[in-house]
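Just the one chain here, the form predicted alone, laid out as structure tokens.
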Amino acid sequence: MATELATIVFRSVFIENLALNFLLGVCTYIAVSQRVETAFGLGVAVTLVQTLTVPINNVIYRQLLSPGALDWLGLEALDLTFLRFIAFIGVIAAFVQVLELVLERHFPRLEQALGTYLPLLTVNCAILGASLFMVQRDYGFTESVAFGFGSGAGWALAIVLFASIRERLKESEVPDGLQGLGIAFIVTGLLALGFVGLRGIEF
């Protein structure tokens, strides 16, 4: 079991990275990667939200929404899977709101630096995507905890690496036609190739 969980974490951090493999959350990934400090703060926030919301959404899906989940009420034919988007986003929104209040009280500088991108974590496709992948792959509760942490940590690693490279690029001579988003997408592509190269590693 421990090996399976380690494999899930490893694959979700490196091989199936939400930002670099599935290109989820790229709008935030590009916008908040100007400075390593800000990118790190957002990465920690995403990891925290993922680690908490994916297993909670797992419980909600399995106990309330999946086919046959309401057998104990005599509603075995009721299938509420169509409500998973609303339910998952509701859980994510609640945790993002709590996180925003905590940062505002204890880390006001980070909260100010993240600006509008912190409340926008509610609709960040990387965060919702992790819960949807959890359903698609039929993960149990423990597996969903590992996947939530791994997917969040993978996204955080990607944005911190990207931010550190962008900080160095400010001191480099980038051709006029590639400045801004051009060089940003090239760097993202190179990072993605590096992560994909780990696909052959097996536990």
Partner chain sequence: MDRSLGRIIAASLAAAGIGIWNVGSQLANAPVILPNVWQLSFLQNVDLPLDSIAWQILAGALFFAPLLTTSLIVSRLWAETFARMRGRPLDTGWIYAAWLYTLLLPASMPLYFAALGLTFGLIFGCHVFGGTGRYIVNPALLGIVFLLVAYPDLLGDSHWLPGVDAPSTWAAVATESVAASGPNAELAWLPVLLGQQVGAMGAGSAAACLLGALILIISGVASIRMVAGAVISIGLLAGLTEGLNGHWHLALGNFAFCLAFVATDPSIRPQTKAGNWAFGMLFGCLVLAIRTANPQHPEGSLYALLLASLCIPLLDYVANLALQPSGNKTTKLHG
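Between two forms, the rigid core is the largest collection of C-alphas that superpose within 1.5 Å. Positions refer to the first chain, counted from 1. Remember, predicted model here, so these are calculated numbers, not experimental data.
The same protein also exists as the form predicted together with its partner chain; that form is not shown, yet it is the one meant from here on.
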#### Entry: 4.5 Å heavy atom contact, L161 to its partner chain in the predicted complex
yes
### Contact of V44 with its partner chain in the predicted complex (heavy atom, 4.5 Å)
no
### Query
Applying a 4.5 Å heavy atom distance criterion, does I186 contact its partner chain in the predicted complex?
yes
### Message
Check A69 for me: does it contact its partner chain in the predicted complex (non-hydrogen atoms, 4.5 angstroms)?
### Response
no
### Query
If we take heavy atoms and a 4.5 Å cut-off, which stretch out of 74 to 82, 125 to 133, 109 to 117, 96 to 104 is in contact with its partner chain in the predicted complex?
109 to 117
### Task
Report the residue, out of L64, L48, V36, C27, that has at least one non-hydrogen atom within 4.5 angstroms of its partner chain in the predicted complex.
V36
### in the predicted complex, residues of 154 to 177 near its partner chain [heavy atom within 4.5 Å]
V160, L161, S164, I165, E167, R168, L169, E171, S172, E173, V174, P175
### Query
Aligning on the rigid core, do we see the C-alpha of A31 shift 2 angstroms or more between this form and the one not shown?
no
### Task
Please check if V174 moves between this form and the one not shown, taking a CA shift of 2 Å or more relative to the superposed core as movement.
yes
